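Single chain ahead, written as structure tokens, the form predicted on its own.
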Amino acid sequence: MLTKKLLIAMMLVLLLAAGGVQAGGDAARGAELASDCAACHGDDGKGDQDMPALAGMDAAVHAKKLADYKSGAAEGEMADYVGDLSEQDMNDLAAYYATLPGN
């Protein structure tokens, strides 16, 4: 009986983990998209005194910020740049920048 419960619990954990992977971004595709971001945030994503660093940023936080700019929940210059990005594009960019070493 305990073995059956353990097996069911392990299957549930695996299903939840697989769902999280599918919802994430593709860092390789994000690297391709990031060429448009480099003009302001730098090739290394570390920004400067006027632009925030993106390198090493948590992917979920980054994707949420991009989505907030697109929806109008956040205001700022970035709203002009995210209009053409799909949700997948935002997830891919966020996944890429999360792979870069931060400051």
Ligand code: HEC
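Don't overthink the numbering: it's just position in the shown sequence, from 1. Everything numeric here is computed off the predicted structure, so don't read it as measured data.
As for the form predicted in complex with heme C, it is not shown, yet the points below apply to it.
Mapping the unseen interface onto this chain, Leu66 counts among the residues with a heavy atom inside 4.5 Å of heme C in the model of the complex. Taking the partner from the other structure, heme C in the model of the complex has no heavy atom within 4.5 Å of any heavy atom of Gly72.
Within 4.5 Å of any heavy atom of heme C in the model of the complex lies no heavy atom of Gly56.
Interface residue remark: Asp44 is not counted as part of the site for heme C in the model of the complex, having no heavy atom within 4.5 Å.
In the model of the complex, every residue of the candidate spot (Asp36, Met51 and Leu85) has a heavy atom lying within 4.5 Å of heme C. Contact residues in stretch 76 to 90 (any heavy atom within 4.5 Å of heme C, taken in the model of the complex) are Gly76, Glu77, Met78, Tyr81, Leu85.
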